[in-house]
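Below you will find one chain, with nothing else, as structure tokens; this is the form predicted on its own, and questions on how it binds or moves follow later.
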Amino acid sequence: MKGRFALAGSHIGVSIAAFAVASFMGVLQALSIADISFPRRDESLFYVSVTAHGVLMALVFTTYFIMGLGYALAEVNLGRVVGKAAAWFAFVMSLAGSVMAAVSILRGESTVLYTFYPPLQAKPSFYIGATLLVVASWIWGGVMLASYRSWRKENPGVPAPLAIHGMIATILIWYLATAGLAVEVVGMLIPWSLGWVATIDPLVARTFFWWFGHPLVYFWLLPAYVLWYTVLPKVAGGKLFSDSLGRMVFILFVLLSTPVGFHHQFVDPGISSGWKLAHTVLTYAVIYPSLVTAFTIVASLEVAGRMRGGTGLFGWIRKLPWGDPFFASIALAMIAFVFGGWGGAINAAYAMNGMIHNTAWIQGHFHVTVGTTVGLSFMGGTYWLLPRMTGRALRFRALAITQPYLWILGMALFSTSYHIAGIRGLPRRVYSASLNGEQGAQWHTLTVIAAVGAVVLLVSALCYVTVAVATWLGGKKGEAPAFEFAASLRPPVASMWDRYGLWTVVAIVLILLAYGYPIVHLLMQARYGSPPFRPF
């Protein structure tokens, strides 16, 4: 891809490639858990596929798509990307890092799962490769902020376009979250993997991981919200219900997304119940901006449906463009988020978490939220972006229309089965459900249904990749459709929600309050390191 969208297109191309590889890895796991035979099935391949699927899908596919979307939005909304040389340098750096980490995983040298908890130890190339990807994303954030500041000088007093406002919030969350990751990887994992230190403290490492791990969800989610707020109402034929509510929502995520990590460590020792409860309360607080989003987007769609002639209490829903691949992808992603949010509230509950901790419920929940709410939004975003960036018409449109419905069907089979199996006690990340003897019989039907769902998901994933590649390489050339964004029912006005410096300071203070004392307290206790552990 050439021209002003070359940078954005290069990132999105890498994201699609990672998605394709990760999709095959996903179906292998579901078949294995259900004891369905396939060539070369063994424990080693299973855990390689778990690691590769998690890293490539959750870290590489998402991060590259988000960076590509950011560059495209900056080109269109700000009319510039400042520092393209640095941006291309970061792209090459991230690509080198991603390849290093992927090769290490696929060779079976870094089977440490997506969470890379120590004492599971990977090769140094895995940690260093992942670090290069994160450092490159910091440079991406710097380029985006520099582009905004350049635009700001020419437009004093004018609020940033809502799409850019959302991307700035995404960048701020990323910087705040990856501070914890940097401490863990650079300060602990890399020296340990290189043999500079003999042992590692798993609990301290996990604490820094979850400083990063939960806000990572919002790093994925906010770019999806950008598409929901700024593109979806326009494609639906209506207007955004409220620009101001959107600005508030993005800033609330900056404030509340990071100081919540202890709800992932309810069963960990060394962290007092009081601090775990405090993080639980903050976790429930972060549900509020998603509820506001649900109200705002549904109201916007009702406006669109009624502008299309819909009447009655629900008649406007039928008038929405369900045959548009972008609209269908986003609308189905939003419906999935209703169920994902419900499950997330259970995960965060201090008492109920004990029922589903480290069970198959978690993989069911993760695939509804990240795998569908985020993933399907990004697939829909690809259908919207590619014709506009390449000037090529979408190929195999019927396939593109069918793909999101196939995805939601496959995910319903896959995720519902694992939710139920998790409640019945099926452990998470097991090579075979039958390893538990007679108890495994109660899970067998559910794991087979989940495997069928995984196959449907793979078919849907192949449809997405086929449409994207065919459009890129062979779509009919013509005049590129315009990048059009939803107008708000009321014009946007500058407000306190545009004061990014102020909210960043408040967010840092909240993080220090939530993590400062617990981490110091942990470090003051007697610490016992662990040697590395490599099962394969």
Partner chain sequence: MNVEFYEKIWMWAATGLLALFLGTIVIGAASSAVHPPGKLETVDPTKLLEHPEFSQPGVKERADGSVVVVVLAETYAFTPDPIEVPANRPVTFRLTSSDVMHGFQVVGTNANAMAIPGYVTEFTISFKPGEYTIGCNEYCGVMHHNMVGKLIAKEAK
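Everything numeric here is computed off the predicted structure, so don't read it as measured data. Positions refer to the first chain, counted from 1.
What comes next is about the form predicted together with its partner chain, which does not appear here.
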Practice item. Identify, from the list N155, T402, S432, T416, the residue with a heavy atom within 4.5 Å of its partner chain in the predicted complex. Key: S432
Check your understanding: Of the options V459, L194, I287, A96, which one has a non-hydrogen atom that comes within 4.5 Å of its partner chain in the predicted complex?
Key -> I287
Check your understanding: Is there a non-hydrogen atom of F366 within 4.5 angstroms of a non-hydrogen atom of its partner chain in the predicted complex?
Key -> no
Review point. Does the 4.5 Å heavy atom contact test between W503 and its partner chain in the predicted complex come out positive?
Key: no
Review point. Heavy atom to heavy atom, is F314 within 4.5 Å of its partner chain in the predicted complex?
Key: no
Practice item. Answer yes if any heavy atom of W472 is within 4.5 Å of a heavy atom of its partner chain in the predicted complex; otherwise answer no. Key: no
Point to revise | Contact segment among 98-106, 444-452, 85-93, 278-286, judged by heavy atoms lying within 4.5 Å of its partner chain in the predicted complex | key: 278-286
Review point. Any chance all of P119, R428 and F533 sit within 4.5 Å of its partner chain in the predicted complex, going by non-hydrogen atoms?
Key: yes
Revision key, fill the gap. Contacts from 267-300 to its partner chain in the predicted complex (any heavy atom within 4.5 Å), listed N to C, are V267, D268, P269, G270, I271, S272, S273, K276, L277, T280, V281, Y284, I287, Y288, L291, V292, A294, F295, T296
